[in-house]
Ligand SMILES: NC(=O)c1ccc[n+]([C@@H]2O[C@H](COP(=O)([O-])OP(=O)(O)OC[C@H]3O[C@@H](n4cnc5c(N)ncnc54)[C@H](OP(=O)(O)O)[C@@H]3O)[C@@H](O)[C@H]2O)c1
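The chain below stands alone and is given in structure tokens; this is the form predicted on its own.
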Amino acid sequence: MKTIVIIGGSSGIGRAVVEQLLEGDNFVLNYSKNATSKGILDQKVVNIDFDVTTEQPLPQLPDEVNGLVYCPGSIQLLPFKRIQSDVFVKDFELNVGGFIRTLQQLLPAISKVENSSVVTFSSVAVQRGMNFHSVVAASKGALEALTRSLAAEFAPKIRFNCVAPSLTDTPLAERLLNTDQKKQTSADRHPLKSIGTPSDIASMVNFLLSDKSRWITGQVLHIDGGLSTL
């Protein structure tokens, strides 16, 4: 049985990742805000309340970890001239600082396992210039670069990859998709004329955690309905 640590697995894409992991031979530790009240109830899941933006150490650290998925993110869509500098700092702290602290604590356990896998999340806005996405693009762009650097540093022992979705139908994106018109407008922007679902993204994440992806590292995989390239 593999041990997988999910940071932010109580809702949205993270929850879909956990649900798919439970279909296989996996034991999941889900660290997230209010995890014990919103987490998945299953004998193979341990839900642990934790705020990744704090300096507190992760509780209940496992001895060995086969995979780590860092899911936290935000959607700060604002005109650049209205953004205070601390907004950039807080977003960076969530997306990059939190991941760094998490990985540093789990690295000894991840290093004990052959072909372990770490997955981060970026955004289609990093590679495709988009209005009002400067906050998101700045922090997620840094996370992409960090993921590639770590892939080089820890090969061949640990694989690092990043998934870059477009707008996905999750609670985080609710205000952007809360009417039929908004959903249709968003769908029409994508070559595949649809909006991504959490399970669409989770399928790629679980592939990257599996042994089937043993020859993939240092990649940013765009699961975005074709928006980034077509």
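The first residue of the shown sequence is 1; numbering continues from there. Here the structure is a predicted model, which means the values were calculated and not measured.
Keep in mind the form predicted together with the ligand is missing from the figure; the text below concerns it.
Handout entry: Residue among Leu172, Ile40, Ala187, Leu61 with a heavy atom within 4.5 Å of the ligand in the model of the complex
Key = Comparing distances to the ligand in the model of the complex, the residue within 4.5 Å is Leu172.
Practice task
Could you tell me which one of Asn26, Asn47, Ser166, Asn66 places a heavy atom within 4.5 Å of the ligand in the model of the complex?
Solution key: Residue within 4.5 Å of the partner: Ser166.
Problem - Non-hydrogen atom within 4.5 Å of the ligand in the model of the complex for each of Gln127, Val220 and Gly225 - result: Not a single residue of the candidate spot has a heavy atom within 4.5 Å of the ligand in the model of the complex.
Practice task
Spell out, yes or no, whether the shortest heavy atom distance between Ser199 and the ligand in the model of the complex is within 4.5 Å.
Solution key: Output for Ser199 is no: heavy atoms all beyond 4.5 Å of the ligand.
Practice task
Determine whether any heavy atom of Ala35 comes within 4.5 Å of a heavy atom of the ligand in the model of the complex, and answer yes or no.
Solution key: Close contact exists here: in the model of the complex, Ala35 approaches the ligand to within 4.5 Å, heavy atoms only.
Practice task
Indicate whether Ser194 is a 4.5 Å heavy atom neighbour of the ligand in the model of the complex.
Solution key: It does not: once the ligand is placed as it appears in the model of the complex, Ser194 has no heavy atom within 4.5 Å of it.
Problem - Contact flag, Met204 vs the ligand in the model of the complex, heavy atom cut 4.5 Å - result: No, Met204 sits far enough from the ligand in the model of the complex that none of its heavy atoms falls within 4.5 Å.
Handout entry: Heavy atom contacts to the ligand in the model of the complex at 4.5 Å, residues of 57-74 in sequence order
Key = Cys71, Pro72, Gly73, Ser74, in sequence order.
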